[in-house]
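Here we start with a single chain on its own, the form predicted alone, put down as structure tokens.
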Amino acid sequence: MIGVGKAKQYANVLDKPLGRGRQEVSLSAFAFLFSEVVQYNQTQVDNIAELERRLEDAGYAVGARVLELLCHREKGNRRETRLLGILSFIHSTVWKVLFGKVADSLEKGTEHEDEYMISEKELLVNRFISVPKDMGAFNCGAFVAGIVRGVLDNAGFPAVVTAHFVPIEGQQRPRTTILIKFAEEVIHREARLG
């Protein structure tokens, strides 16, 4: 056979096809880099709310890029148009690409029709961060909330996304819940679509 065992040579780097590439990052490298991001932002702010907002903004940029990449790779440049479809996409596909597994749970809020929750027993960004007592309830999950908001906004589902700790009975570390509160226009659009 012709060409067996030879790598195809490309004249220009732009001619190379977009492959999947290596999809794993060393956990210790990620933990170090993320802790440096948190420490840098901590020196730039005066309070915890501002620090969480800066982490969320950093996550938003990641979320926008992750959506573009996954829509290209997984869906042939198509995007979800339905609410449950985009939530399922985030819960399974996005979570698996970012954290190596599907999120622990996706639930609809019981009190409000426009609220959904993605829960994770041990969120990767909170695993290696020790929060000093003076920082109270600081949650690095704000970065992941920003990623989720970036995916949703760029897919046409504007929402307010926040990260919260939820205590688990009998466990030392609380569970992290990403609370998604969709804009009214999204709920109306979903109702019209049926």
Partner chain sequence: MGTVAIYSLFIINKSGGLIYYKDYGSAGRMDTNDSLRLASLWHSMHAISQQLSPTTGCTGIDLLQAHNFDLHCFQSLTGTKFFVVCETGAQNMEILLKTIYELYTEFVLKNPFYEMEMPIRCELFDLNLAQVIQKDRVALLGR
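Basically, rigid core = biggest C-alpha set you can superpose within 1.5 Å across the two forms. Source: prediction; values computed, not measured. Residue numbers count along the first chain shown, from 1.
The same protein also exists as the form predicted in complex with its partner chain; that form is not shown, yet it is the one meant from here on.
Asker: Heavy atom to heavy atom, is Asn47 within 4.5 Å of its partner chain in the model of the complex?
Answerer: Asn47: no, not in contact with its partner chain in the model of the complex.
Asker: Any chance Phe138 has a heavy atom within 4.5 Å of its partner chain in the model of the complex?
Answerer: Taking the distances in the model of the complex, the answer for Phe138 is yes, it comes within 4.5 Å of its partner chain.
Asker: Using the partner position in the model of the complex, report whether Gln42 sits within 4.5 Å of its partner chain, counting heavy atoms only.
Answerer: The answer is yes: Gln42 has a heavy atom within 4.5 Å of its partner chain.
Asker: In the model of the complex, does Ala31 come within 4.5 Å of its partner chain, counting heavy atoms only?
Answerer: Contact with its partner chain, yes.
Asker: Which residues, if any, of 117-139 lie within 4.5 Å of its partner chain in the model of the complex when only heavy atoms count?
Answerer: Residues within 4.5 Å: Asn126, Arg127, Phe128, Ile129, Ser130, Val131, Pro132, Met135, Phe138.
Asker: Note yes or no: does the Cα of Asp46 move by 2 Å or more between this form and the one not shown after the core is superposed?
Answerer: Asp46: C-alpha displaced by less than 2 Å between this form and the one not shown.
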